[in-house]
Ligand SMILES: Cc1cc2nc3c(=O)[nH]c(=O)nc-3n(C[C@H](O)[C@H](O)[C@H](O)COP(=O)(O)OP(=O)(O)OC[C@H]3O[C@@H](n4cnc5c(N)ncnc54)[C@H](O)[C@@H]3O)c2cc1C
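Take a look at this single chain in structure tokens; it is the form predicted on its own.
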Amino acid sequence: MNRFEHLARAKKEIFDVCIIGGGITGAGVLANAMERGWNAILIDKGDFASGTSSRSSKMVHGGLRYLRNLQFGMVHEALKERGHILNQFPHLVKPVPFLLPSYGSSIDLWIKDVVLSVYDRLAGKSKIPPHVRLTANEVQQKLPGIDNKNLKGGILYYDAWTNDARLTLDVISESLQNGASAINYLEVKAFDVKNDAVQSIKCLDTITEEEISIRAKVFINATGVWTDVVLQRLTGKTCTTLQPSKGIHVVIPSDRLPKDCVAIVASATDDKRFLYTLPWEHGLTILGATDTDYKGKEDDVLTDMNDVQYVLDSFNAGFPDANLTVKDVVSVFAGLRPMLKVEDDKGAYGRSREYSIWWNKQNLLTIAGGKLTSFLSMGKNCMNLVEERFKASSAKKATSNKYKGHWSSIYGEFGKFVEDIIGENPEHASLIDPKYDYTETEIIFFCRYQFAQHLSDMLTRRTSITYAMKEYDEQLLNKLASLMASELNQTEAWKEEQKRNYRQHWLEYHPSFLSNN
């Protein structure tokens, strides 16, 4: 089904559950609803994963730092879920070694060893190896150029990395294969409430400017950092459920720092934070992240020069010969963490990543907080509460037919669709550009099966090319706009509008201060 067909379905059906919010949390709820046999629809005011779920630290991990605050339950849940995600999405979630150096005294190294022992124990049985303790020489061998002054050794342990946006899209796509419906660029404008129950939601299709109403037995607000915005539209009152923190990330070529493992370094200031290098896609390494309170608009999260300099200074302190400057930066990105507001606030870095689920109306449930790694258990716990109060109209359980062909290592079971598109026209197997390992077939696949409606959808959340495009590439944009226009049955005017809009989007990842230095 294409987007038009999903819209037609949304207008005429009464769903068991309507999930508002197409990030990783909403995707997890949708997946669990389908496993239970619920007739479900998911909507988002923008592209799926266009908020926090494409601007995260790209890590699937337990959250080692949260042991500092004795949050054992949260870390245990995340580590258990890490194992599930590694098994379920092996094409998108990969184990990666982390190296945590230790400086000053042998006691510090001993403490880190003990903490990682607890981390291993909380993980339980796992395919990921337990941590090992390294000497100072072994640390320097694995991280050439690291600051060796007072270096006592280090700890090597494992977590995992992912492409967060594509993970979200795959979870949603799998649910669609099992009968769910999903529509991006459909914004909730108002709630129709009678007798403390939501009868329907009034939505605006921001692509066609059409207004539609969606009816469901249960509604779930899974909108992340927009939670309070949605609740205000529901109640008409100002809501302060969340206290988000902002994290910015700096993207550099992978050859500028050691790339065989994730290196953890202390910040160059006295804020007692740790930052990391994450070797990622397209020969890039992500440096991150800041963690500061954010009071602005949820849609206006940007990176400034002070953020970037903080990150570069920290890694230059950790690797004294690196001499990283703004000229080394390929791109930057910023996102908000949807953290719950608490009375005993420890500041952005110390704030908990716990989540909460509660009823706002008789049939409207909100889930807020949490972290990417726990999205499956968050979805399960959310639907447990729903099933305590309601029953599904349908009883069709989700099924899955695993594809094992050539494209499975990249797209999992959706590789079969890529293969089918090549069968339609083998000429589409050619690369879109020698610099990027994507074919025309994949561009068509992203339009046809993974909801891409705009150039920003394609270049940032389906292919990650935006992160790697240091210089704006007009020729590539022309080619992609033509491919998408053909698949989406769009006009020349649409292509020109898309290129103008993408230019503004690209500048969010490549602000002017990068080129002015």
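Model, not experiment: these values are computed from the prediction. For every residue, the number given is its place in the sequence shown, counted from 1.
Not on display, but discussed next: the form predicted together with the ligand.
Contact annotation for Asp457: none of its heavy atoms lies within 4.5 Å of the ligand in the predicted complex. Contact annotation for Arg337: at least one heavy atom lies within 4.5 Å of the ligand in the predicted complex. Interface membership of Ile43, defined by any non-hydrogen atom within 4.5 Å of the ligand in the predicted complex, is confirmed. Residue contact with the ligand in the predicted complex: Gly224 places a heavy atom within 4.5 Å of it. Taking the partner from elsewhere, no residue among Ser173, Gln450 and Thr463 has a non-hydrogen atom within 4.5 angstroms of the ligand in the predicted complex. Partner proximity in the predicted complex, defined as non-hydrogen atoms within 4.5 angstroms of the ligand, places exactly one of 253-261, 404-412, 424-432, 181-189 at the interface: 181-189. Residues of 10-38 that come within 4.5 Å of the ligand in the predicted complex, judged by any heavy atom, are Ile20, Gly21, Gly22, Gly23, Ile24, Thr25, Gly26 in sequence order.
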